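Only one chain is given next, in structure tokens, and it is the form predicted on its own.
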């Protein structure tokens, strides 16, 4: 009887995990498309250079103050689209700047492709190996705190090489977060697909932006 109960509980857990994964990837796909749309609108509107900062603060406000209160309701989906739409809109000025370069369009597409490859490879590995990457959580948070402190310091120091090093480190940390977040879903640590979507989206967003910066420098146009 106990074995029967355990089997039933195991099957229920597997079904719940598959449901969270399905909903997360579905919502993530929609939010990525929505971000692309808002970025295109921002580009067409020729938004000024301060827009990325405004959009970032707006998105952070939603993440910190609104998302925790709505993550367990249908309203949370709207908040997710608000966050991703704002971040996408903030990309407009940067993308326009790259498109003014001779190979800007190629750089943007390469960065998009590279981001996709990184995500598919890491999430695929986490899904197939089913390893528990929860041990990485503390290290990743500490790494991000150190990166933020260094970024603030570099505002005053203005060292280009340090900016590039930070971009590389951010890509590594966000790659770690993809493993960590996917692992949490698989192993039952994350049952809220709205929160899972936001976590994965932020990793993809930061990988794309920083990979684009590195590619721009490598091409000699940055």
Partner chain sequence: MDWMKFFSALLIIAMIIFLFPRAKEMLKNSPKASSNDLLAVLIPLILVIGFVFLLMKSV
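No experiment lies behind these values; they were computed from the predicted model shown. Residue numbers count along the first chain shown, from 1.
Not on display, but discussed next: the form predicted together with the partner chain.
(message) If we define contact as a non-hydrogen atom of the residue within 4.5 angstroms of the partner, is residue 29 a contact of the partner chain in the predicted complex?
(response) It does not: once the partner chain is placed as it appears in the predicted complex, residue 29 has no heavy atom within 4.5 Å of it.
(request) Please check if residue 102 has a heavy atom lying within 4.5 Å of any heavy atom of the partner chain in the predicted complex. (result) Heavy-atom contact with the partner chain at 4.5 Å: absent for residue 102.
(request) Would you please decide whether residue 49 lies within 4.5 angstroms of the partner chain in the predicted complex, comparing each non-hydrogen atom pair? (result) Contact with the partner chain, yes.
(message) Even though the partner isn't displayed, in the predicted complex is residue 95 close enough to the partner chain, meaning a heavy atom within 4.5 Å?
(response) The answer is no: residue 95 has no heavy atom within 4.5 Å of the partner chain.
(message) Just to be sure I understand the contacts: of 162, 172, 66, 45, which is the one whose heavy atoms reach within 4.5 angstroms of the partner chain in the predicted complex?
(response) Exactly one listed residue reaches within 4.5 Å, namely 172.
(message) Is it true that 87, 186 and 193, all three, sit within 4.5 Å of the partner chain in the predicted complex, judged by heavy atoms?
(response) No: no residue has a heavy atom within 4.5 Å of the partner.
(request) Within 4.5 Å of the partner chain in the predicted complex, which residues of 93-111 have a heavy atom? Give them in sequence order, or say none. (result) Heavy-atom contacts to the partner chain in the predicted complex: 106, 107, 110.
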